[in-house]
Each structure stands twice: as structure tokens, then as C-alpha cells.
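Next comes just one chain, in C-alpha cells: the form predicted on its own.
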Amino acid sequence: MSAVPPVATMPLPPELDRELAALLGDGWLTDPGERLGYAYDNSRRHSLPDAVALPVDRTQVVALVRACRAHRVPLVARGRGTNTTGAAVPVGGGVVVSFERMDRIIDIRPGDRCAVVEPGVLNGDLQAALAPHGLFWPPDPTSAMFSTVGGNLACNAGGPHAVKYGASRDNVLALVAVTGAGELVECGTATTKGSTGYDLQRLLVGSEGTLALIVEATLRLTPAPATRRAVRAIYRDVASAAAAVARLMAQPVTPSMLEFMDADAVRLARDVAGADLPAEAGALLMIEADGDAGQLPRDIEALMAAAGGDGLVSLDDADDEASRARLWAARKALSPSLRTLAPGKINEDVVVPVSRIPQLVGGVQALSREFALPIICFGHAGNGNLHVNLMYDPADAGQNERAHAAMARVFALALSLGGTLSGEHGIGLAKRDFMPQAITAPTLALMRELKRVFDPDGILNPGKLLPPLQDAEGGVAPSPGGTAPRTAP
């Protein structure tokens, strides 16, 4: 685990410590041992906060933000720390606001197809509560069983089902949040249509806690499909697989999943994990459809027809759960197999137009050879959202330097192909400094103005998502309209 270079911060003012201890009781943690568990996220970066707040309701969150604003103390919102970009790491010290005690499912309204929840509800717990109603909430990141709804919303989490059902931003109706000014705001409406002013709830989703702290969410729910079936298509090369993806996404039946593995990923799953895959496999697509039992066979037939074509090596259909599990075994075997290549991994999720997947994978393979490091690609082909897994030994200084240089080139490659930096992981610290390459200067300036409006003193998750401004002498300047986090003299 790597430490983030510290920002020189002053200790918490004693009067703030006393005020928040009185407000939060045993939900105010200042012991170093207790704070340590909130110093890191799944990016393996860590930085110790000055204190941890565990509010139990929105009233406490409002009071907490107002008190910290008065003393210019940074606040970093946190779910369960599953984020991979460092977005929940308190790089400037200050207070981590963990929403683990705000974990109520307030209401489930099957007739309105919505649920009202607090941010600390686990995605997996929500799905279990919705199942008896025949409903589900579509976002399904890998961490779904132990990530929070608030965290999913903060980074606009997606997952395999996003190709059909959309990511978090597409499945939220309304939010209640506390701005950096300590104001409680209500955005959106608990209806499936609404045209009353700006679409602020969608703005807050994906803002990584830099604009406001979400204290309640009204989520759009979807009826659970009656049945589902899977198809595995194996191709001789990436270009053939990508052409099939284009055909699959052009025909009327939208797959509920469309997952991709490149040749190295297929080889690992076969040779290391023992998956049943032919030696000539150069790429693999996992295709899944769901829906009405009467219609599903016709949908599968259409998807199989689209999956066929030049370069197809084999096409297997699973018409029951046991067969489906066997087909998915190759994909599930991949992540454990990666550990055999190297002790460390950089996993970033870039996005390109579907038609340019071959150029992305080919470019990544060239970078793998240039930097002499294994790089494996797999992910959500239907969205053009691939996970680029760069394997290296963090203890080897040369490999560490090459790995980070190679990943910078991966980002540049994705942008050159008309893509962008992230599809579902977000920006955080990991990709922050690449934002000027991905976003035009006027757009970044507008984002900074929005930050200033929501968070006038710049206390919410400082240092994340937006790159620091550079002054005329090359130093870091305060954000427009706000102040840099308080620092020691």
C-alpha cells in the first residue's frame, strides 16, 4: 500500500473537536488506531485523516459541514472504501465522513418502481430487499455485495448490466444532499418524468463528493427478468470479436451483458485456471440475454446470428443455469489468474467507441512489449468500456516507473481513439492530472465554477477529480472563488 505525499495540515482546532464530539458522541473518532481504518481505499493509497465522523442522520451532516466550513477543515465522504482511484483517501487530512451508520432502506414503492435509501445501504442488501417485490436496482459493480449505494452514486458505478440497463446516473430519480456551504438541497423528483429546472441529481452522480454529500437517494427500480440465457463466442482475433460486437449492438435485441476478453486473458483463463477454451482462441465474448421465457429463445437466436461471421471459432449456447455457469467459468477464473503474473496491478477502465476496440487492444499490446510488462484487457464490450490491467512488482523501482509511464500512455491512446478516461471507476487521484487532456479548458473552467457554487470554500474532497490550477510561476493556485485547504504556516 502506497502513502500519498502528505499535505502539511494544522491539527483540528480544539473548539471544533469539542463541538463535533458533543454533536456526534461515539460517532466522533480521533484515536489514531480508529482513524487508520479510514485512511485508504481499494486504490492502495493511504493518508491518515485527523478525525472520522459517523453521522446518523441528515441533521448531523448539516451541522458537521457547517462547523468544518467555519474552520476551513476538509471533509471527505466515504462509503466502504471499494473505490479504486483514491477518491476516498483524505490526502489533505481533515475529517472523513463515513456513512456506515446511515444505512436505512427508508421505503420501497413497488407501484412507483422506486426505493428511498440512505447512502450507507449496501448494494447487495438493497438487492436482497427488492427481490421479494420482483425488482432490482441495475448498477452491479464487482464490489456490489459490499459497496454502498452512496459510493456507487458518487463514482457513477456501472457493471456488466450497464449495456442494457445503464449505470448509476441512469437509475436515480432524486437526491437529497448537503452542499459545501452546509445547505440541504433536494434535486429531482420521485417520478419517471420531470421537466422542472436543471437536472441537478444527475450532476451530483459521479461528482465523487466534490460538490455535496448525498444523504438520501430515490432510486429507479427495474422488474427482475423472468429468465436469462448465456452464449459464449470465441474468435480467432480481437478484430473479429470487435466486428461481432458492432453487429450485436446494431440489431434490435439489446444483450443484458456483453463481456470481452483479449487473447492474453483467454490464455490465462485456459492455461492457469484450467478453463475449457480452445488453443486457437484469440478473443472471447460472453453474451447474455434476459426477459420473458416465451420471447427469450428468439432473442438468443438473433444474438447468435449477429455473433456469427468471419473469424468465429465456436459458439456455445447455455439453455440452463448449470450450462450457463460452465460458460461463465472462464470469465470468473480470470481475476485469480492475474495474480500469477505479478504481485501488483494497476486496473484502469478506459472507454472507446465500440468500433475502435481493436485499435485499443492492439495499442495496449504494443505498450506491453515496449515497457516489458504484462497488460491484460477485458471488460464491458457493449459500452466500449475495457479494464486495462497492468501487472508489475511495486517493490521493483524500475518496474514501478515503467508501469506508471505505460498507464499514462494507455490514457493517451484511449483519448486519441475518441474515448475517455473512465466509464465507471471515476477519476479520483489516479486520473486527475490527465483531465486537461480529456476535457477542454473552457469545460474544465465551467466545472471549477460549479465546484465554487456548490462548495464555496473548497472543503469537500479537495484535490480530487479536478486538477489543481497552476499559477503564473508554476505553483498551485487556490480554486476560483474558494480557498485552498488550510495549511500550516
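On a predicted model such as this, the values are computed, not experimentally measured, just so you know. Quick note: we count residues from 1 along the sequence shown, nothing fancier.
Keep in mind that the form predicted in complex with a further copy of the same chain is missing from the display, and what follows is about it.
Asks: Residue-level contact is defined here as any heavy atom of the residue lying within 4.5 Å of a further copy of the same chain in the model of the complex; does Glu424 satisfy this criterion?
Replies: Result yes; Glu424 sits at the interface with a further copy of the same chain in the model of the complex.
Asks: Although the partner isn't part of this model, could you tell me whether Pro394 comes within 4.5 Å of a further copy of the same chain in the model of the complex, counting any heavy atom of the residue?
Replies: No, no contact at 4.5 Å.
Asks: In the model of the complex, does Asp31 have a heavy atom within 4.5 Å of a further copy of the same chain?
Replies: Although a further copy of the same chain is absent here, Asp31 would stay clear of it in the model of the complex, with no heavy atoms inside 4.5 Å.
Asks: Would you check, heavy atoms only and a 4.5 Å threshold, whether Leu284 touches a further copy of the same chain in the model of the complex?
Replies: Leu284 lies outside the contact set for a further copy of the same chain.
Asks: To verify the annotation, which of these, Ala306, Val96, Leu211, Val266, has a non-hydrogen atom within 4.5 Å of a further copy of the same chain in the model of the complex?
Replies: Of the listed residues, the single hit is Leu211.
Asks: Can you work out which of Thr191, Thr340, Ser416, Ser314 has a heavy atom no more than 4.5 Å from a further copy of the same chain in the model of the complex?
Replies: Only one option qualifies, and that one is Thr191.
Asks: Within 4.5 Å of a further copy of the same chain in the model of the complex, do we find a heavy atom from each of His46, Leu126 and Lys345?
Replies: The answer is no: none of the three residues contacts the partner (heavy atom, 4.5 Å cut-off).
Asks: So which of 398 to 406, 230 to 238, 287 to 295, 330 to 338 is the stretch with heavy atoms within 4.5 Å of a further copy of the same chain in the model of the complex?
Replies: Result for this chain: 287 to 295.
Asks: Using a 4.5 Å heavy atom cutoff, which residues in 188 to 202 contact a further copy of the same chain in the model of the complex? It's fine if the answer is none.
Replies: Thr189, Ala190, Thr191, Thr192, Lys193, Gly194, Ser195, Thr196, Gly197, Tyr198, Asp199, Leu200, Arg202 sit within 4.5 Å of the partner.
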